[in-house]
Every structure is written in structure tokens, then in C-alpha cells.
Ligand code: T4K
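Starting off, we have a lone chain in the form predicted on its own, written out as C-alpha cells.
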Amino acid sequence: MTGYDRVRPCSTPAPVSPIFHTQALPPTPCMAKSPVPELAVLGGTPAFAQSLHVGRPNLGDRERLFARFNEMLDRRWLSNNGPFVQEFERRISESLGVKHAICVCNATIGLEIAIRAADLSGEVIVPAYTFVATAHALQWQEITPVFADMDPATHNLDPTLIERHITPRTTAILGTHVWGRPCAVAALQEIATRRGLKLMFDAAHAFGCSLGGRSVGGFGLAEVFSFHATKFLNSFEGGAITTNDDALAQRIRLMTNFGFAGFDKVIHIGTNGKMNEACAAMGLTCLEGINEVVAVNRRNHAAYKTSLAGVPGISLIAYDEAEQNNYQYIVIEVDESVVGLHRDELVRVLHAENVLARKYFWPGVHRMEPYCSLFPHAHLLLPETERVAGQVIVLPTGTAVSEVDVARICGLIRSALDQAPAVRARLVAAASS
């Protein structure tokens, strides 16, 4: 029997290491509301001449980066656990207060290696509201991802619903810290411990975030971060696996480099998951500028909060100001019954203005292949995932987005909602033409 065949109802925290000190940037003088020109979908000119993306890369000091590149080229050590990779791992470990940080070529490979090193098998409970790589990392290794519903207040796994999915084949719970807001770690750990399961986390969004004053990175058996170009901390492409388990860390290191333990001695199954020196150089450079990125992200979140305050039917996710946050995601939920437009219609309005808002994580992993074919009835257990996935919009932020941009985007949203009937009529006409 699998988790789809039936429907049934921490360790001691270590002191958090300050990764960055959040600081508010001074407001610019251009936050005053200005008249919004006619919407592009109604015949106007797009508000932005160039596309405004959700995730443009945050860049560090170019001179420092190029200096590192020159060092790398001068010593002709481009891969295979070079000095920059070693330094990056050390800095990550120190920042997060964990014993081990193993850098990898990307977070998906990191998840696959961590899953295999932890000897997961059978079924693993995961959220359906996550990036598809969370499930793929399991299915790729012939482990069945069993999708559980979210807590609508956090968008993370709802611990109260986990046990209905546990079967004799269940070996682990794999949570995702969605938007960098940590899962209910204590509740998940209690279930895992009591039911004899392993607990791991996809922490792709959560570098620089904390829970109870403790940095994400040391929860569960292992956590996996993404340093993809669009993430808060980027290394062009890359990731890291963090753990406080010495034996697991040793297996992960072996598996990341073909199982080599020395020049000619292979003692374990492995693959090529190594991070190269160029990526580590970028990661180190971005790590040095992390305070500035947090300040910009925090400023933009505050600007969105101010500009969208009081708009009926639009809710902006909040971050816990008592914790460390990277503020990397600007996420709103759109209630069609209140605003008069469906989320998808509002996205079309924004796209026409060259604001390339995204529908994360639509339509939910359970409705993607191969999962929608393997588990065609999974949606019956996922009412909140279904609802939220149909309402969420992720808006542009980061160091490529200014407060002026934020004010303009919010003005477009307000204008679209003020003219909802006309906007809907024009979109329907355009779709039928």
C-alpha cells in the first residue's frame, strides 16, 4: 500500500551566526504616487521599455571577482576541490553554524546525492507546492514522492497532515522552506523521530534565514541550498549540502567526486557533483556583498507593502522581523472573488507592461509529469495547494529593481483592479480573436 492508496486523517539549537546585519536603506524621493498611464492591454504603451524579471542576478564587486579569476588562472587550478571551493565551504559552514558544508555543481544534484547518501528508499513525503526538482530528485532514483498539503498561512508542509500519508514504505520527510520562511521544523522532527523516519530539507530559498534564532542549514539530517544565478546568493550555478552528521558528510564528499578517496582509490559509488573554482569565486564575491543585497530586498519588500496596503483582495506574504530573512521573494495572493480578475488575467496585464511576473509554483508538482499520470487523484488530498497555486504571483525585486519600479508596478496593479471589467473584456476579446 502506498501513501496514495488511502486517505487518513531538534536537536538543541546552536547560537545563530550573524550572516548579515539587516539595515534599512534611505527612502528615495520618488515614492510619491504619480498618474498611471493607460494600461497596455487597453491600448496604452508598456510601462517598462525593457523587461523587468522576477529574478535578475545579484552581482558582487566586479573588481574583486576578476581578481579572483586572475588568481584562479595564475595557479591553473580550475576544479577538483580548489582553494576557492575550500574557502567557500568554510565560509558557509561558519556563517550557518554547521559542521559540514559540501559545495556541489547545482542544488538538484545536491538533493540527489544527499538523498542517496542518507539511504532513502520506498516513499518520501514531500510538498506538492515546491519547485519540481524536489520531487524529481526522488523519482530519478526510483523513490516515490508522496505529496502532502500545505499550511496556507506559511505555504510550507502542514505537519498536522503528514501522518495520514505514512505507510510501511515511508522512509523520510523532505520539506521545503518556501520563500525562505522555514518549515515547522520542531513539529516535523517530532513526527519523524516518533515514526522512525529521516528528515531533510530543500533549503534552496533559505540561505541567510533563521528559525528560533538558529540559521537554516543545521535542521534535520541535511539541508540543500541553491546558489543558482537567480537565487539570493549566487555562484553562477551551484549549491551546497549542509549537515552536522560526520558519517553522512563523508559519504556525501565521496559521492560528489566519483567515490574517490585519494588519487587512484575508489571506495564508494559516486558521480560528478563538484563545484568548480569559477563558481566558488563568484559565490565568495556575492557572499561578501550579502548585507547590501538584504538591505535592497528589505527596502523593496517594505515599498511593496506600503504601495499595496489597503488593496482589497491582494495579500503580500510577510517575513518574521524577529528572525533573519533574505527577503528575496515578493509574493502576493490574488482573491478573484474580491478583485474581479483572476490571477492569470493580472499576470497577462503585467506581462503586457513588460513586468514578467511569475505564477510560482503553478500548477503544483502533482499536476506535472510524470506525477499527474502516476498519481492522477493526488489533488484530492491537496485542497490548499490547489487553491494557493492558483492565486500566487511572484513580483520583481532584487538589486536590479528600484523603488521607482516598485511604485510603478503597484500602480499598474491598482489600475488593473480599478478597471477590472474593462480589462477582463479586452482579455477575453483578445483570446477569442
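Just count from 1 along the sequence shown to find any residue number. These numbers were taken from a predicted model, which means no experiment stands behind them.
Keep in mind that the form predicted in complex with the ligand is not shown, yet the notes after this line are about it.
Chemist: How about Y304 - does it come within 4.5 Å of the ligand in the model of the complex, if we only consider non-hydrogen atoms?
Modeler: Judged by the heavy-atom cut-off of 4.5 Å, Y304 is well away from the ligand in the model of the complex.
Chemist: Find out whether any non-hydrogen atom of F131 is located within 4.5 angstroms of the ligand in the model of the complex, and reply yes or no.
Modeler: F131: yes, in contact with the ligand in the model of the complex.
Chemist: Does the ligand come within 4.5 Å of any heavy atom of N81 in the model of the complex?
Modeler: Judged by the heavy-atom cut-off of 4.5 Å, N81 is well away from the ligand in the model of the complex.
Chemist: Tell me, yes or no, whether T154 is in contact with the ligand in the model of the complex, where a contact means a heavy atom of each within 4.5 Å.
Modeler: The answer is no: T154 has no heavy atom within 4.5 Å of the ligand.
Chemist: Assess the spot marked by R91, G217 and R253: is the ligand within 4.5 Å of a heavy atom from every one of these residues in the model of the complex?
Modeler: Result no, not one residue of the spot touches the ligand.
Chemist: Which pick from P46, G390, P57, P37 sits with a heavy atom within 4.5 Å of the ligand in the model of the complex?
Modeler: None of the other options qualify; the answer is P57.
Chemist: Looking at L308, L197, A295, A229, which is the one with a non-hydrogen atom within 4.5 Å of the ligand in the model of the complex?
Modeler: Contact residue from the list: A229.
Chemist: Counting only non-hydrogen atoms, which stretch in 200-208, 337-345, 320-328, 258-266 is within 4.5 Å of the ligand in the model of the complex?
Modeler: Result for this chain: 200-208.
Chemist: Can you name the residues of 345-367 that have a non-hydrogen atom within 4.5 angstroms of the ligand in the model of the complex?
Modeler: Contacting residues: R358, Y360, F361.
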